[in-house]
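Alright, two takes on the same chain below, each alone as structure tokens: structure 1 and structure 2.
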Structure 1
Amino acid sequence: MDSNLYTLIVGTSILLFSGYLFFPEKGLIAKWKRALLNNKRVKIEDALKHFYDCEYNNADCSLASISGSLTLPKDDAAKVIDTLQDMGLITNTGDRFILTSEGRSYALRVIRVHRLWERYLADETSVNETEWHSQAEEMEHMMSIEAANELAAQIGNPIMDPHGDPIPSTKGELPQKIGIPITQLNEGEFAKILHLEDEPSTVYAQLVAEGLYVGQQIRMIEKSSNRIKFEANGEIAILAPIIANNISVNLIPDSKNVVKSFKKLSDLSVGQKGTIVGIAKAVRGQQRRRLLDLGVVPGSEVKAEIQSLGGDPTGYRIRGATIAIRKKHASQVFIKDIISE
């Protein structure tokens, strides 16, 4: 009996230990693998990206901002800057550092890989959106530009990342920044979300939790110094201004073209009909293309025909065929003109 108990304990420990070693992402081996990344290269590339950000946003880069964004002590940050200078990637103009053309194209290569990878994760995988950025932060230092170009070809050479940032072309071209922070909208104005800043990740997670996504239509309801209240696809969102500042929008000047009331496909009960207005931009990649291919396009008439015995999915009659759509997706398809039979 004692020996059996002993065996049981040994067996359990072996099981727990191998779980600790091999567990995906959180296991020891996965951690070692990540730690093996070349640290020096990571620092250089991150610093370059930071310089590029400053340039793109017309802001000045300081030693303090570098050490802040790389979470390095100032001495180490200074060493990184020295290395960058030695490599000819940045130059000192006297009062500040600026990127050389070589440094700029290096930075754009890194950014291209980063944004392509984010787009790939968004479109082609089931990875949660709060993890896109952090995974891309690792991938940008590992993937070669050739591999990135191959990936781009595979996913149809996308032009935007899922946060609304343009992906630099192979030649390093990038269009100019457009859009205004949401906090500059006046009450009652309509706008479309152009960009959601993905750093810091805690703020981004908060935006995602509100169900916000690039391409979403919003209407400013009320703004004050301590809160911003707006409507997004028919639902009210309230954010602190400091968080809302991470959203840039494009004003829709002509409010006649704006759809003002939103009903969702999932609102239809069996027997009801409606007309599709559009699919939310949050439905991406293959899933979006599949819905479009099956006729879920603006103007399609749709009728909720049958419900599965579990209540979800629902079978909709669209363009003469019965298509089962899960509630999760049906709630991201907008409709109008609901008629009951």
Structure 2
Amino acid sequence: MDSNLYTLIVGTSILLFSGYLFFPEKGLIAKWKRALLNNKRVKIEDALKHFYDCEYNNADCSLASISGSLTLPKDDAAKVIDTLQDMGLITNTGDRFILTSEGRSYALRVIRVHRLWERYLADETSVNETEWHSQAEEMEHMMSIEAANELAAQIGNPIMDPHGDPIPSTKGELPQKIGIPITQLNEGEFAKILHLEDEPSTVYAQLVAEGLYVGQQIRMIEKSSNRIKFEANGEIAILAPIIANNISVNLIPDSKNVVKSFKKLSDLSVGQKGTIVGIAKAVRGQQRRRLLDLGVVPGSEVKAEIQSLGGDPTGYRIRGATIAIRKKHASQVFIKDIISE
């Protein structure tokens, strides 16, 4: 090969490689720096959320709790805490760390994005409920607060996420925590589920597998140091107390507000309507997702409109559309407030 040509090829290769490394914004070095900054930002925002959760739940934050929450070695967690202090986002009171007003505002912005995105996933997509939290964990670091506000307007400015957590307002306001753990109910008492804790994911997956959801009526049947047994929309659920403590409820003191027995969607005659209160936990996987996608969700009004010649399936009017549901599936949907027109 001609030496001049060889020199030209080598020189061009070096220039191209240098460009690949050092090109502004798109070069490998620029991308690497952005990745480092983004990773640092994620740690900062996750730490702020942890501090806010401690504050909201009247718990103390410590180096150990930060290390555990962020799954970081204590030395790295200490560096994150130092960074937060240098940024004026937390302060040390001597025996514990607390958020400054700036830190609290920042944390609430991140929490607002997270919970709005969970609400969006729950109401507008077919994403499984066990995936809402993990997807929102990613989006909270990517979506601007302006984009979050636009999303909020698009989905009707919700005030609660699908787990029962309040969504911070645009002004950074958040209601005080309400409700009691289900384990504090006495046997025979009725209550409604206010909140299902979605962390850790393994615990939340167990609650979902039991068919539990926010707004569901429950009745305490039996409780001991080994198990909590209660009725949820007519079905029995049994949980270990450590799992049950992830459920917050609101006591129903007036028996007039208690639904004594639940009817099934299959009980509706043509012309009758009712309100959906839940789907049997026996309905799982694709069939459960299909019903949810069709609008068979708690709170939706449903009306039996037409029945096939053979009597099965029946056409039900839900959320402005008529859908056909077979009797074996309709018998696994609970309803209340049946009205004949």
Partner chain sequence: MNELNNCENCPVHNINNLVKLGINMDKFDYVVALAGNPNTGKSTIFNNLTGLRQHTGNWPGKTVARAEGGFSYANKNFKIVDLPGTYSLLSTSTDEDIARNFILFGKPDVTVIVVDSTRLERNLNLVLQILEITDRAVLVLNLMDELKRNKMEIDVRALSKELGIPVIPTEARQKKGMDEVLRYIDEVANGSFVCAPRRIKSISSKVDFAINDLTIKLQEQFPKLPNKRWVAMRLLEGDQSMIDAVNSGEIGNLEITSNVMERSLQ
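Predicted model only: the values in this text are computed from it and were never measured. Whichever C-alpha set is largest while still superposing within 1.5 Å between the two forms counts as the rigid core. Residue numbering: structure 1 sequence, from 1.
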Report the structure number, 1 or 2, for the form predicted in complex with the partner chain. 1
My question is whether L292 is one of the residues whose C-alpha shifts by 2 Å or more between the two structures, given a fit on the rigid core. yes
With both forms fit on the core, is the shift of the CA atom of L63 between the two structures 2 Å or larger? no
Taking the rigid core as the frame, does K303 move its C-alpha by 2 Å or more between the two structures? yes
Using the rigid core as the frame, report the C-alpha movement of G320 between the two structures, one decimal, in Å. 13.5
Using a rigid core superposition, the C-alpha offset of V333 between the two structures in Å is 5.2
